[in-house]
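Quick setup: the structure tokens below cover two forms of a single protein chain, split into structure 1 and structure 2.
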Structure 1
């Protein structure tokens, strides 16, 4: 199936590792021109080189923290200057810490809102006017299955990602007439570096192994295993494509069937 992504200009936020990196690789493999950002310049440059080597895409990479609005503005402006437009934007950031309610300070709440919600607002504010100019666009927010089924101990994720989902749904309605779709993609357990580290930490506390923790997670998933970042990226690429032009305002899990709700 030709996704029609050849020559599209795609921004992928927080893309030096994990889901963002897999999405950038997939879009570049489909022929898109990819611009990526993340905080650590060295990691970002390694990822950019890997994508260039594997796909031949030129890859524009700029180190920035997605909670810094001026940084996001400058990055998006530079992408527009280099490529003349922005067609696709995939928002992403690191996850907020896992804590119980009474252990979370007010400052931690504020930091999590900046990281998860405001970073999405920052990219949306910058890219939507550019997409509207061309009467074509795809805004994709990466959240979590926690927007479908809250996860114990992930209070910040459960609360703030719901706001991102409300934002995406509302933008889908506001910008649909401009040829722009806005969709939310919800990863379940996906084997990124971060999930591996999380498993290591839990294993240490429980006196067990990484594999044992991954097994426990896999046992909760109908397909019997965690997802790969590439499986997640495949859905993002489809939603970013011409083929998905009437999918708008959706929140779609990539979780092997973990969510028990009907919708």
Structure 2
């Protein structure tokens, strides 16, 4: 299936590793020119080189803290300067720490809001006017299945990613008439470094091993395994395409059937 992404200009945040890297690689494989950002410059440059070598597409990479609004503004402006427009923006950020309510400080709440919600707001503020000018755009947020079914010990993620979902749903209504769709893509248990770190933390508290925790998670999933980043990225690429032009305001899980709710 030709998704029609060749020549599209795509921003992918937090793209040096994990889901962001997989998404950037998939979009580039479909012919999009990608602009990627992440906090660690060395990791980001390694990812940019890997994408270029595997796809032959141009990659613009810039180290960036997505909680810094001025930095996001400058990054998006540079992408527009280099490529003339922005067609696709995939917002993403590392997840907030796994803690229980009484262990979370007020400062940690504020930091989580900045990381998870405000980073999405920052990118949306900058890219939506550019997309509206061209009467075409795709804004996609990487959230979590926690917006469908809260996950134990991930209180910050459960709370603040729900706010991102509400933001995206509202933007979908506001900008749909401008040829722009806004959707949330909700990963479940996926084989990333982040998942490994979470498994290690849980294993330490339970006095067991990482493999045992991963096995427990896989047993909860109807397909019997966790997802791969590439499977997740395939859905993002489809939603970024013209073929998905009637999908708007949706929150779609990629979880192997882990979520038990009907909606």
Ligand code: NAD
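Since the structure is predicted, the reported quantities are computational estimates derived from the model, not experimental observations. Positions refer to the first chain, counted from 1. In this text, rigid core is short for the largest set of C-alphas that superpose within 1.5 Å between two forms.
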Correct structure when looking for the form predicted on its own: 2
Quick one: core overlaid, is residue 200 moving 2 Å or more at the Cα between structure 1 and structure 2? yes
